[in-house]
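The chain that follows stands alone, in the form predicted alone, written as structure tokens.
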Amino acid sequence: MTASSHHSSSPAGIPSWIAVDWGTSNLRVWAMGDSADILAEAQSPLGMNAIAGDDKLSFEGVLVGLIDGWLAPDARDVPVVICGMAGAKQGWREAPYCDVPASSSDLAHGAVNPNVRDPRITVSILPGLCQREDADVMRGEETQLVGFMKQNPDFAGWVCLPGTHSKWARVADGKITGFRTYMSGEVFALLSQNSILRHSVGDDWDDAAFADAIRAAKAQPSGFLHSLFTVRAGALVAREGQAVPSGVAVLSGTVIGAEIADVLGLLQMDEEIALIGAGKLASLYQEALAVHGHKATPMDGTSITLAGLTQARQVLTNASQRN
């Protein structure tokens, strides 16, 4: 991988620690100052999958390649705090899952320390989160949830993190008490690209058709499989000159609507809903929730991730000072 494939910036000072979000398909790093200010940042397409699939790459080598310019030659043991897939079985070193319910300190105390050759850094990899009953797991999102709780200490309810596999987590009193994963993004991709519905899905978006599908998913939650076929049948049976609902909007509304209807069925009195994300997908979830009368403004995932990594760094620092 050439240096030109990386985006980076030079630090405005010597970092007191380095924050890392290591995903499946990409990697982001930040040089952090003492006051949780960002001195520099860099990113790379070398996520866990790329490293696991190439014998010439190593996690330490990729990391040092990104942050080398931030570290003075005589630097020693600069803390690096990592969340995400570096702690998976195929990652740098496995960080066993923490069980729910879990607080920010529970997660930080579950960090593992891989051996590193470069004396300038010391590495802590944060664990993911697991749920034994109603089996579920996450890696990376739990750090965003920690950051969210830090910024919103009085929040009680469900936090949504849209994605290929959307996560909904119940948080209250500084703890993640449970969560659910929905394969909505992957199901939409499979149906729109590899099923008969691919013939009925174009670029003709229609907000009203999306909202109608969201409402229908809650009104008839057991009709999911039938509703999918109406995406195809609607165009076939339309009379000449009759408007055909947007296939992509109906499919999207049907899939996202089924997910949201399930969560709304679990929502307890006085619980709120929050949304972490950006771009078109987060906007669709915002619109879908609004159909059911829930206001949820998407929050920036990067700042929340950094808040979670900063919280973990503080817990790890306090623990090392006590020892």
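Just so it is clear, the model here is predicted, and its values are computed rather than measured. When you see a residue number, it is the position in the sequence shown, counting from 1.
Another form exists, predicted in complex with a further copy of the same chain; not displayed. Remarks below refer to it.
Contact with a further copy of the same chain in the model of the complex, defined as a heavy atom within 4.5 Å, is made by all three of D134, F229 and E259.
Residue contact with a further copy of the same chain in the model of the complex: K167 places a heavy atom within 4.5 Å of it.
At a distance threshold of 4.5 angstroms between non-hydrogen atoms, R215 is out of contact with a further copy of the same chain in the model of the complex. Contact annotation: I276 falls outside 4.5 Å of a further copy of the same chain in the model of the complex, judged by heavy atom distances. a further copy of the same chain in the model of the complex is approached by S195, whose closest heavy atom lies within 4.5 angstroms of it.
V187 is the sole member of V171, V187, V123, A111 with a non-hydrogen atom within 4.5 Å of a further copy of the same chain in the model of the complex. Interface residue among A208, L236, A243, A72 relative to a further copy of the same chain in the model of the complex, by the heavy atom within 4.5 Å criterion: L236.
Heavy atoms within 4.5 Å of a further copy of the same chain in the model of the complex map, among the stretches 200 to 208, 102 to 110, 75 to 83, 159 to 167, onto 159 to 167 alone. Within 4.5 angstroms of a further copy of the same chain in the model of the complex, the stretch 191 to 227 places a non-hydrogen atom from each of L191, N194, S195, I196, L197, Q220, P221, S222, G223, F224, L225, H226, taken in sequence order.
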